[in-house]
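To begin, one chain is listed below as structure tokens, in the form predicted alone.
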């Protein structure tokens, strides 16, 4: 069942228990903290990014190698994104945007490897990343601008008699940012992986159930699965980019709330 079930790939299970809080000592009582397959792939993602950057930038040659050039292009790509969306002042947030982009991109790419786990297919992970951005915007916005940060909810040039209508809309739109940011990433990754699993599972069932005829009948779903695999790689990269760009735009609101 697990082989063809499109939902089985998203199941989180414990690899080993860390510790238990509370309870009376009997099995199942208290709150157990465990190292899960999701945690494993998050650690693997961070470790891979760190190792890649360390290995490709350790030499710092005047004439860069291909590996060093890849890191430099990645740096310039994210730096250009930050400057274009949040201005030069936004470069203080470059480490945050760079970390988010590389983590989401690497996690999405790992998710395309057979039998690997896709951490961004779980709403709790994407929501945590979104809340990190949301709280950063709020905290920095008030620290830098004080009460003037609230100008964000009063668009410039709007007549005063319309403000009682516009301001609540702006507030609701602002508060919904972590939801839209997390659901967009989670939904695209989840839907894509389910669709891919359905087509590949359908092809496998046809081959197993129809024998030689099944091989011929499975050609179409297999071709669809190949096309969807390429599309999923593209979606994984695009979603990392979209998350990073929106992060820059939200940070720009904290830096320039009156714009």
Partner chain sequence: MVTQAYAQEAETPADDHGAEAAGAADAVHVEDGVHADPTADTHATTEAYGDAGHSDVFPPFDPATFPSQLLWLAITFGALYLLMSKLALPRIGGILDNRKTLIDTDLAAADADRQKTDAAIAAYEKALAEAKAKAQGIANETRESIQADLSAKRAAAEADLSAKVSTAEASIAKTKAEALTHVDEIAAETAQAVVGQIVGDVPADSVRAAVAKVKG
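All figures in this text were calculated on a predicted structure; none of them were measured in a lab. Positions refer to the first chain, counted from 1.
What follows is about the form predicted in complex with the partner chain, which we do not show.
For residue 123, a non-hydrogen atom is located within 4.5 Å of the partner chain in the predicted bound form, even though that partner is not displayed. The partner chain in the predicted bound form is approached by residue 32, whose closest heavy atom lies within 4.5 angstroms of it. In the predicted bound form, residue 182 stays away from the partner chain, with no heavy atom inside 4.5 Å.
Within 4.5 Å of some heavy atom of the partner chain in the predicted bound form lies at least one heavy atom of residue 99. Partner contacts here mean any heavy atom within 4.5 Å of the partner chain in the predicted bound form, and among 156-164, 68-76, 169-177, 138-146 they occur only in 68-76.
For the candidate set 227, 234, 43, 220, a heavy atom within 4.5 Å of the partner chain in the predicted bound form is found for exactly one residue, namely 43.
Of the residues in 125-156, those that come within 4.5 Å of the partner chain in the predicted bound form through at least one heavy atom are, in sequence order, 125, 128, 129, 132.
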